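We begin with a single chain expressed as structure tokens, specifically the form predicted alone.
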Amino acid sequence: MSEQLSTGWSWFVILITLLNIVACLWLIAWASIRRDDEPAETETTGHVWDNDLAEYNQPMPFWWLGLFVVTIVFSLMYLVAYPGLGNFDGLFNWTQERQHETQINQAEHRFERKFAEYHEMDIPALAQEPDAVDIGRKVYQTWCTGCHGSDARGAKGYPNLADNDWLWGGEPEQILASISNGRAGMMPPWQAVLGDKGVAAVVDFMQDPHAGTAAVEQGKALFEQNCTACHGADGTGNTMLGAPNLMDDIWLYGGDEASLTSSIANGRQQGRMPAHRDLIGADKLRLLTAYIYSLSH
């Protein structure tokens, strides 16, 4: 709720507001009084421009004065109905927090009624429903573009959601779990274990595993010794751990020599996907999942 003014400040605001309204009424009344020394309406005030352009003493139009009075009356009615006079809440007891809550509840109610038909549909079926996909796209644009981009093709450190390469699996249930619960990936640093030459050898192996050079063979041996627990014996990854496929030339942090060297030597600690279950809600999560599923199918 809005913070209340102290009693003194509340009365100060009330008095200043009402005095300003009274002053406006007084100004209109004062300006409408005809004075004895004032020229007649058919006479000029004596002000002349360009030798022949004279100012007549015409009174302000009644309709013009009436509009001023109407605005003042409206302001008084508004201040009686809504907050504006210090701590007085108004007869309607309106607050921005209450209005926001009411609008949210109305929107949620409309959403539930409109999309009740989607409750019984599985995600692959939703992905074939144009209206459902369009709603999921709008949810994506609201919550996901900051990391994965407006086209869902990601960026360095943020996965591409429009291809068929998935860290944690691309089945509907896996995508839904990733969005709902979040994911926390972590690549430990290997510099202390492998050393500079070992890191370089593993990089050579990852860039061209079939080269057959001495460096690549050394890198293969080191890979089999240290990396298969997460990335698998064939290097194709493990969706249970979020370990990426290293053999498909799709790289989250870059596949050039410098990027791979940094990933292996220093590790990657920032791979975190926040949970969105409480932010989006179950119905919107399913439609968002359907949209993302549709991008790669």
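Residue numbers here begin at 1 and follow the sequence given. Keep in mind it's a predicted model, so treat the numbers as computed, not measured.
Missing here is the form predicted together with a small molecule; even so, the following discussion is about that form.
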{"query": "Option from 112 to 120, 78 to 86, 208 to 216, 154 to 162 whose residues, in the predicted complex, bring a heavy atom within 4.5 Å of the small molecule", "finding": "154 to 162"}
{"query": "Contact label in the predicted complex: residue 169 to the small molecule, heavy atom within 4.5 Å", "finding": "yes"}
{"query": "Residue contact check: residue 104 to the small molecule in the predicted complex, 4.5 Å heavy atom", "finding": "no"}
{"query": "Close approach of residue 274 to the small molecule in the predicted complex, 4.5 Å, heavy atom", "finding": "yes"}
{"query": "The small molecule contact in the predicted complex: residue 186, any heavy atom under 4.5 Å", "finding": "yes"}
